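The chain that follows stands alone, in the form predicted on its own, written as structure tokens.
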Amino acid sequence: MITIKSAPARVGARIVGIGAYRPTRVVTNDEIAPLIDSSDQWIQQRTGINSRRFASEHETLEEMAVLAATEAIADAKIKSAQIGVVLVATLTNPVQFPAVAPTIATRLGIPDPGAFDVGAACAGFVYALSTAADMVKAGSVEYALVIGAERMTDVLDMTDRGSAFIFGDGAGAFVVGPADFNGFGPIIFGSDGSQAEAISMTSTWFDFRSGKVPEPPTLRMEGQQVFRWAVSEMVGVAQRAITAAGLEPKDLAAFIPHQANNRITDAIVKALDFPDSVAIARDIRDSGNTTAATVPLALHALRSEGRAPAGAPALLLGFGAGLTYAAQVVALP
């Protein structure tokens, strides 16, 4: 048998820097409610959302990602040249190809990195983060940049009562680097393609190009189906990730779930019986659901509020279209 030489593995990896970008335009429920025959009260009761951010024309997906990543790199106190790979979790890249990661890397001044997009929707950032951590621990790269960025307004029908009030735009980024301890627990991930229609597009681009449908495809979501799935399945996924990290719910400093719906978060928190000492991320109130960007944006908000102590364990949980999910305990930066 031939022995293949590998890069020297490292003891561990950890998140060493975070950044975020939120569009300047704040959109209240009162602005959206008339378009869907609803009200501010109905939207808040249903989701916990008070407002969200909508990107302007100049706040492109790429621009938001670059700004979030610039803050994360500065927070990590490293040079762009030290980054060996760039992963961008997104489902709203306005072109099917090329991936947006290489152009973001070039704009950041990162020389010749590995660069690719990750398309796992709301779970995409946790998937990408785990991949980056494994690359760093394996010695493949010194530092990895992970970005979650979305312009959900590009794929919304603002008259659709099932989705128009839920989503927003934004970007968040983490830098992962080497550490003398393990800052990542095992990832627990999976999917259920039998429920792919629960969050999907109204048609294909081929249908639109051929004239079978008059309008470009937009997002559609079966809200009750997704709610039931998330409440029934994500409690077990979260518990498995905590157990895999050798911890109990009471040992966590923070719980940072995908910001899909405050009622889903409430159900998971209640089922796992988190004590008051565990900070619960609720960035959805002012950001809406930014899909692949919710987890990094929510952690950024928690740290800004002084509720994310450095080095303490936190549970990240992403779930959504696919249907896909991913959970992992990490050491807070």
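Position 1 is the first residue in the sequence shown; the rest follow in order. Nothing here was measured: the structure is a model prediction, and the numbers come from that model.
The form predicted in complex with oxa(dethia)-CoA is left out here; the points below concern that form.
- Residue contact check for R151: none of its heavy atoms lie within 4.5 Å of oxa(dethia)-CoA in the predicted bound form.
- Within 4.5 Å of some heavy atom of oxa(dethia)-CoA in the predicted bound form lies at least one heavy atom of R161.
- Using a 4.5 angstroms threshold between heavy atoms, F167 counts as touching oxa(dethia)-CoA in the predicted bound form.
- Put simply, N261 is close to oxa(dethia)-CoA in the predicted bound form: some heavy atom of it is within 4.5 Å.
- Exactly one listed residue, out of D30, E305, D37, D273, brings a non-hydrogen atom to within 4.5 Å of oxa(dethia)-CoA in the predicted bound form: D37.
- With respect to oxa(dethia)-CoA in the predicted bound form, the three residues R46, G223 and F319 uniformly fall within 4.5 angstroms at the level of their nearest heavy atom.
- Of the candidate stretches 179 to 187, 204 to 212, 80 to 88, 252 to 260, only 252 to 260 contains residues with a heavy atom within 4.5 Å of oxa(dethia)-CoA in the predicted bound form.
- Applying a 4.5 Å heavy atom cutoff to oxa(dethia)-CoA in the predicted bound form picks out I199 as the lone residue from 193 to 215.
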